[in-house]
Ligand SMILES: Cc1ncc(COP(=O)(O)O)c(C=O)c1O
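Just one chain is shown here, as structure tokens, and it is the form predicted on its own.
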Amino acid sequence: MENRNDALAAFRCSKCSKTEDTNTQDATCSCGGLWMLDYCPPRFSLDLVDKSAWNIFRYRAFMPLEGASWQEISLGEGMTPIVSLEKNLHLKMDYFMPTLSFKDRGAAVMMAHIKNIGVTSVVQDSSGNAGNSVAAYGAKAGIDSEIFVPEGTSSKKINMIQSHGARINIVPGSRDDCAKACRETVKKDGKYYASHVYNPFFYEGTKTYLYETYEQLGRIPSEIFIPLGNGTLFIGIMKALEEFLESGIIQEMPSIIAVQSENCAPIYEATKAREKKIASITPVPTLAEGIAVGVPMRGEEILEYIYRHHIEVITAPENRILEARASLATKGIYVEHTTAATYAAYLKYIATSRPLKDCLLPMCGAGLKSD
């Protein structure tokens, strides 16, 4: 990776490799391929961290941001603590965020970019948390937001989205039906698609999860669990880890364990057969609504990371999610069901696979969102 501190970013199509200016308002390439981000950040060093900024933009030296829109956007996201639940288990408290979920990392960077290129109205689809984030940061930026959510989305999440002044559409069917309906609206109305899945700037925000971890612990834990639906946290963490390898921060990849819902596991099923494309599945309702994605649009990209870095993919036992949530609550940690699913998967893993010596789990969403 070339070390270019002043390099400008560009979009590159994942299918035909066409390049495009990041100012484009097209959600995809004309061929239908998703945009990837061509950007070479400087080698990671704590010397380049802006210690005076108490939000994720302290790491802006490693982000392809232009202009100063980030100063108008930030709601104080990031800088979440890491607590030790047990001797070998650390929790990064990423629901300590303005909208109570880790999605604020990505939304802050994406909306700063959107503000900078002059967009005034966006649409987005979400299982709830990303919709909350886009609605909140849209309100802060003065950008009109319309959010699509699938039926069955927590009423608390819906109320939060509406409280920020965003219009909401509740779509019958699955999370994938919701995404399809939203994309049809984008195509019909020509509005900017502020998708946490399509827009590469979102992952420039979620990679700060690992930046903070390194700054806080002075190391990267040897095992990292990551919930995996559309891959917004997964891809961000993998981007950061590859940057750390290039910078010499780490000498080898930690052990990554990606967690899918037992009732909706297209990536898990694909890896069992070593397929390069996601498996075709019929999702079954799950408490882990945040990762209930039957057709992850960046599925092939996710699988490439999995095979390149020998990542384990496991499933969370559906019948242990509520038990895991209750167990965390007795220790003072109150999380939503999707986060509890990751903990349930961790408990199953250490009981049936192997003990872990230095493990990190993300606490992605606050419990009040699921009640």
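Only a predicted model underlies this, so the values are computations on that prediction, with no experimental measurement involved. Don't overthink the numbering: it's just position in the shown sequence, from 1.
What comes next is about the form predicted together with this ligand, which is not displayed.
- Residue in contact with this ligand in the predicted complex (any heavy atom within 4.5 Å), chosen from Thr80, Ser195, Thr232, Thr153: Thr232.
- Figure note: of the listed segments 187 to 195, 121 to 129, 69 to 77, 271 to 279, the one touching this ligand in the predicted complex, with heavy atoms no more than 4.5 Å away, is 121 to 129.
- The shortest heavy atom separation between Ala135 and this ligand in the predicted complex exceeds 4.5 Å.
- Interface membership of Lys103, defined by any non-hydrogen atom within 4.5 Å of this ligand in the predicted complex, is confirmed.
- Shown alone here, Leu228 lies within 4.5 Å of this ligand in the predicted complex, counting heavy atoms only.
- Remark: Gly205 does not count among the residues lining this ligand in the predicted complex, judged by a heavy atom distance of 4.5 Å or less.
- Residues from 326 to 342 that approach this ligand in the predicted complex with a non-hydrogen atom closer than or equal to 4.5 Å are Glu336, Thr338, Thr339, in the order they occur in the chain.
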